[in-house]
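Just one chain is shown here, as structure tokens, and it is the form predicted on its own.
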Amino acid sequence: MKQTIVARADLGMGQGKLAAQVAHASLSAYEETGTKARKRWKGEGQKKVVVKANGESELFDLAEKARAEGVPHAIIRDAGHTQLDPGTVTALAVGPADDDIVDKVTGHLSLY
């Protein structure tokens, strides 16, 4: 099992901002995951991969693919307290779920 977090590379987020958005996405998608899958993922080491996308529309397209596959996912919008305007879409987490299902959604993307 794994979780892939897709972060926008086109926003120029600082490293700390990027880390926070990735963490928000990971936790939010985890909370959408069933109890059995949560326990399995935690027991297998909580594998995570961070990849990049270049725009809001790409994140929404990927979220739709995740929905169609029945994979837990979460889109993150920034609160706007620091570097970004309120409501800016920053990241998407897909999974945790079986590797092959997550890869159907995000496997074509480059590592961040």
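Numbers for residues come from their place in the sequence shown, where the first is 1. Model, not experiment: these values are computed from the prediction.
What comes next is about the form predicted together with a further copy of the same chain, which is not displayed.
Item to check | Residue among Leu84, Val50, Ala37, Ile75 with a heavy atom within 4.5 Å of a further copy of the same chain in the model of the complex | outcome: Flagged contact: Val50.
Next on the checklist: Taking a further copy of the same chain as it sits in the model of the complex, is His24 near enough to touch it, meaning that at least one heavy atom pair lies within 4.5 angstroms?
Outcome noted: Contact check for His24: yes, within 4.5 Å of a further copy of the same chain in the model of the complex.
Checklist entry - So in the model of the complex, does any heavy atom of Gly43 sit within 4.5 Å of a further copy of the same chain? => result So Gly43 does not count as contacting a further copy of the same chain.
Next on the checklist: Against a further copy of the same chain in the model of the complex, would Glu32 count as a contact residue? Criterion: heavy atoms within 4.5 Å.
Outcome noted: Flag for Glu32 set to no.
Checklist entry - So in the model of the complex, does any heavy atom of Ala97 sit within 4.5 Å of a further copy of the same chain? => result Taking the distances in the model of the complex, the answer for Ala97 is no, it never comes within 4.5 Å of a further copy of the same chain.
Next on the checklist: When a further copy of the same chain is placed as it is in the model of the complex, are Thr90, Gly107 and Leu109 each within 4.5 Å of it, taking any non-hydrogen atom of the residue?
Outcome noted: Not one of the three qualifies.
Checklist entry - Listed by sequence position, which residues of 14-28 have a non-hydrogen atom within 4.5 angstroms of a further copy of the same chain in the model of the complex? => result Residues within 4.5 Å: Gln15, Gly16, Leu18, Ala19, Ala20, Val22, Ala23, His24, Ser26, Leu27, Ser28.
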